[in-house]
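Presented below, as structure tokens, is a lone chain in the form predicted on its own.
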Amino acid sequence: MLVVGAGISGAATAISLARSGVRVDLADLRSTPPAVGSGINLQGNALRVLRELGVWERLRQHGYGFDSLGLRAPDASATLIAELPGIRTGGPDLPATFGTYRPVLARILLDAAAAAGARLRFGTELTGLDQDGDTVAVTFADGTTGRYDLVVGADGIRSRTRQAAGIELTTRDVGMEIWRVVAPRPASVTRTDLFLGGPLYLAGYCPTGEKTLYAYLVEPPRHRGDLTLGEQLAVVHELSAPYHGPWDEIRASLADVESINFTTFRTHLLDPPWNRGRVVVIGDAAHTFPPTLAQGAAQSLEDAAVLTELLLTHDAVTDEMWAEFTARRHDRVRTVLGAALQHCRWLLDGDRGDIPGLHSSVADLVSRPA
């Protein structure tokens, strides 16, 4: 079996299949595993899958768990407007939310995939697919070929697998851009706080360890991602200046940052089915989330969990199996994505909206395993 894309959903798929005795090639376009990147906020339903994969005990040593969400005002005192209790959607013995560093999560997942027996192939670009009955012939950019029983495209928002399979999907901008920076964690930061109001759509932070956090600032599109690091740092100082409380300490610590992550909020959702014959796409290749509910990684992990469960419990890859995969994934993803986009719409329209109710409804849904 071939899994294309060594990100979160691809590595998770490779772990589950390889440790069950399936021969798995895990191929990625990048020449090496990711070594840089911003923080990531994992909800309990993501942690549940990571525990099933056997990586949670290692990951928990490289992050920070917490059980509430703060909403603050953009005033001189960073007044706490509300404290929302976190719902432990992964179960009572997992934190509601866990902050960590993306390259750390990637390394842990890839180590587990290799230990399970998956063959990792970096610098490997898929260029063609040709299905013939019960197999898929694959061509790579270096001229090599392979034949597989199944191809899983977990290769992100611009998925080459999706394109090679002839699956059309339009990705659209939400209308927001985000700056993320890793910084020292002030002692007062013990959870995610979101600052509502002020000149930005959002200003927030998430602890990622005993001494670290990542902070983020969400602004209207200004297309400033091609600035130098010094220019980016000046932008972060400018954007964060109206926010206080822990933000004052965070801003003062930014002089030594080595990188700043800039991205645009984008979204898409592939109509069912997510497969074409024996080629299937999951994760960001099938659905891309704005980070307003921190469910992008969780839903990608759930894709991997459901797909591998079905592959390992069915005697053959059949239309019935794909129908079950669709039934268990598409509507759930659509509902969660819809809630994330609703949060974006409220921010874009300057409408406070029922944020606690929105978070609660999604937490209730994802508390039930996919």
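Counting begins at 1, following the sequence as shown. If you're wondering where the values come from, they're calculated on a predicted model, not measured in any experiment.
What comes next is about the form predicted together with a small molecule, which does not appear here.
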| item | value |
| --- | --- |
| In the model of the complex, segment of 39-47, 57-65, 333-341, 309-317 with a heavy atom within 4.5 Å of the small molecule | 39-47 |
| Any non-hydrogen atom of G90 within 4.5 angstroms of the small molecule in the model of the complex | no |
| Non-hydrogen atom contact E302 with the small molecule in the model of the complex at 4.5 angstroms | no |
| Proximity of L69 to the small molecule in the model of the complex, heavy atoms at 4.5 Å | no |
| Contact label in the model of the complex: E231 to the small molecule, heavy atom within 4.5 Å | no |
| Sole residue of D130, E125, D75, D271 within 4.5 Å of the small molecule in the model of the complex, by heavy atom | E125 |
| Contacting member of I167, I108, I178, L84, with respect to the small molecule in the model of the complex [4.5 Å, heavy atom] | I178 |
